[in-house]
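Shown below, as structure tokens, is a lone chain in the form predicted on its own; questions about how it binds or moves come after it.
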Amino acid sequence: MSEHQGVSQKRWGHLRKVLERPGPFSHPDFEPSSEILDFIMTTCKLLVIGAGGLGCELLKDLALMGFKQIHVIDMDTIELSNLNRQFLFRQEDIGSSKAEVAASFINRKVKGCQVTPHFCKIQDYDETFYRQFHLVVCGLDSIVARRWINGMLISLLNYEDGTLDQTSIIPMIDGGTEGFKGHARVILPGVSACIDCTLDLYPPQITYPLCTIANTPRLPEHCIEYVKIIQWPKENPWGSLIDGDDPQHILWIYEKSLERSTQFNIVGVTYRLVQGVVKNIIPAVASTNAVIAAMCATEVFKLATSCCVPLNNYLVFNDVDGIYTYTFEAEKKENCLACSQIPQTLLIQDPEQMKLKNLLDVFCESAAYQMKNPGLTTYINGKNKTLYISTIKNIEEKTRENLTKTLLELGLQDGSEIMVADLTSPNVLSVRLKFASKNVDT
């Protein structure tokens, strides 16, 4: 045995004990082998999405568990407020890419590890990029991003005569934390419940009465919400959409919120609070991140090696008062927007009165859809027709008048199909309208 092999045997001895001999918790189909460790160290390719509180812990855990082919993607830069828990970063790193600094740190500290950074949005890559990975691990603070990557992995599935090709499944391990609470879950696209199957598990966003925000603000959050929902659309500094990950957007809202808070003698508006209100973030706790990341890394190891039965499929963690965990199996939703093979149908109770803006409200406010900024197109008499798209300025201007028209005035009928595009999914959703009124001419 060479010196290098001897060091390797000692360094990874704890893993070899699990992978090279059976145990009481082994998977029923597990076959111990020395080749399994070689697979995770040389072949298995992982994608970590997010290099923040959870992401730093995940990268550290996975690198120390033997995974060497790791990619990390994050669009954020490092801020001073990150340093109390995102331990891969130092003060001199402020302003730099989280993904790049995190990758460099791990590559220096863990010999042989090759972390490849991607300083961009997950939406910047197509299916060719995501198809190369064996597993995807998410350490995100955004439900929108979770839904997008969930939709991407589902779009990679192959079906032959209605039967799912198991080799096309890329498992997704999702972690999330909110203060002293968190979750870890294992999603097998096409097999187990996906993100969209369980949208109702995510907490509703906090909202404040508009009259309070506009007339009698009492809290710093009221000032921030005023700027967010009233002042931003009025002044339109960078388009109609607020990007909570864009420092320019956050800084503008912060400065305007400070002005309003001074006007009403309200204290407490901080840059971090603005981020929290805009992105609906609850302050993070380092220990919770560590626990959830460890759970997720363990599930990655189990799935990559088949040494143990993986989580089935959702674990809740709470250490507000003591430590409490609970595991349950989230069930697939029969008509899930993302993973079901069932065509979507939307019942319209009063098509004579329902306007296009009301239809947009359904897609945004309904618990079943929870979209953010949907764009609608359809086919009428065999020709494509854009009903409304707000994300492209010139198209928004041309289609704005459609918002006040009824569905019938727009030429939509019972059975018409609407194509809905939204940032919550990489795929276009097809929805068939079903008119409830029997007196409508179709």
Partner chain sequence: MIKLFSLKQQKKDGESSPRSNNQKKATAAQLRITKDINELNLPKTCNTEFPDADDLLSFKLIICPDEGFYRTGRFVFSFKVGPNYPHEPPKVKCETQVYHPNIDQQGNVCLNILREDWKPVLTINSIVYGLQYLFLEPNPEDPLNKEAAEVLTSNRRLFEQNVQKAMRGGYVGGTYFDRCLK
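Numbering follows the first chain given and starts at 1. Model, not experiment: these values are computed from the prediction. The term rigid core refers to the maximal set of C-alpha atoms that superpose within 1.5 Å between the two forms.
From this point on, the text means the form predicted together with the partner chain, which you will not see here.
Per the 4.5 Å heavy atom criterion, the partner chain in the model of the complex is contacted by stretch 192-200, the sole one of 192-200, 85-93, 99-107, 319-327. Of the residues Ala368, Ile229, Leu346, Leu273, just one reaches the partner chain in the model of the complex with a heavy atom at 4.5 Å or closer; this is Ile229.
Interface residue among Ser287, Thr163, Gln132, Asn236 relative to the partner chain in the model of the complex, by the heavy atom within 4.5 Å criterion: Gln132.
Residue contact with the partner chain in the model of the complex: Thr77 places no heavy atom within 4.5 Å of it. Using a 4.5 angstroms threshold between heavy atoms, Asp126 counts as touching the partner chain in the model of the complex.
The closest heavy atom approach of Gly52 to the partner chain in the model of the complex falls outside 4.5 Å. Taking the partner from elsewhere, Ile250 is found to have every heavy atom lying beyond 4.5 Å of the partner chain in the model of the complex. Taking the partner chain as positioned in the model of the complex, the residues of 370-407 that bring a heavy atom within 4.5 Å of it are, in sequence order, Asn373, Pro374, Gly375, Thr377, Tyr379, Gly382, Asn384, Lys385, Thr386, Ile389, Thr391, Ile392, Asn394, Ile395, Lys398, Thr399. Fitting the two forms on the rigid core leaves the C-alpha of Gly382 displaced by at least 2 angstroms between this form and the one not shown. Remark: with the core as the superposition reference, the CA shift of Arg218 between this form and the one not shown reaches 2 Å or more. The Cα shift for Lys398 between this form and the one not shown, taken after rigid core superposition, is 2 angstroms or larger.
The distance between the CA atoms of Asp196 and Val431 is at least 3 Å longer in the model of the complex than in the form shown here.
Between this form and the other one, the CA-CA gap for Leu54 and Pro426 widens by 3 Å or more, being larger in the model of the complex.
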